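Next comes just one chain, in structure tokens: the form predicted alone.
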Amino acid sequence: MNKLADDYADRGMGSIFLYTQEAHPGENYPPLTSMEQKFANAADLRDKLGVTRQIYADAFEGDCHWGYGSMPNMTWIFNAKGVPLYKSDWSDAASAENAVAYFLDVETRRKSGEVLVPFNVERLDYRNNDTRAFFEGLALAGPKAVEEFKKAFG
């Protein structure tokens, strides 16, 4: 997602990372008990995962997280007026880039005089399921997070 943000920054696209909570708490990243802990976890995430986008921390109770779908790894794209253009319940750079390119093309087509009207569409996308990388990331939270995930999802 960092690369996507960098690739389209010169086209007026901004990108943020909203830190909500630990999706799979463990010994290293236990359930949150304070905003200070939330800020520290967000900074650690930035450093460990190399997030270069600006990071914001959600309210302690997760107001934004709950208001926008409550999934642990969502992507939303809004236009400059704050209208949602894209919602994905899982962050996938290829899917998000497809949407960004599409909406920038809409902007170009409108500027050329084409009259376009919006409509809603639902689409099933596919992402690479790298189980090894997922569990390596999950292990950062601690063995408890790995075991609880395995118990819950097999």
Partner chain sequence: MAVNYNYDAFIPENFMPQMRFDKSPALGKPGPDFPLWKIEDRSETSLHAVCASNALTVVEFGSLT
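A quick note: this is a predicted structure, and the numbers were derived from the prediction, not measured. Numbering follows the first chain given and starts at 1.
Not pictured, yet referred to below: the form predicted in complex with the partner chain.
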property	result
Partner contact for residue 95 in the predicted bound form: the partner chain, 4.5 angstroms, heavy atom	no
Residue contact check: residue 116 to the partner chain in the predicted bound form, 4.5 Å heavy atom	no
Heavy atom of residue 108 within 4.5 Å of the partner chain in the predicted bound form	no
Proximity of residue 16 to the partner chain in the predicted bound form, heavy atoms at 4.5 Å	yes
Residues from 82-121 in contact with the partner chain (non-hydrogen atom within 4.5 Å) in the predicted bound form	82, 83, 84, 85, 86, 87, 88, 89, 91, 100, 103, 104
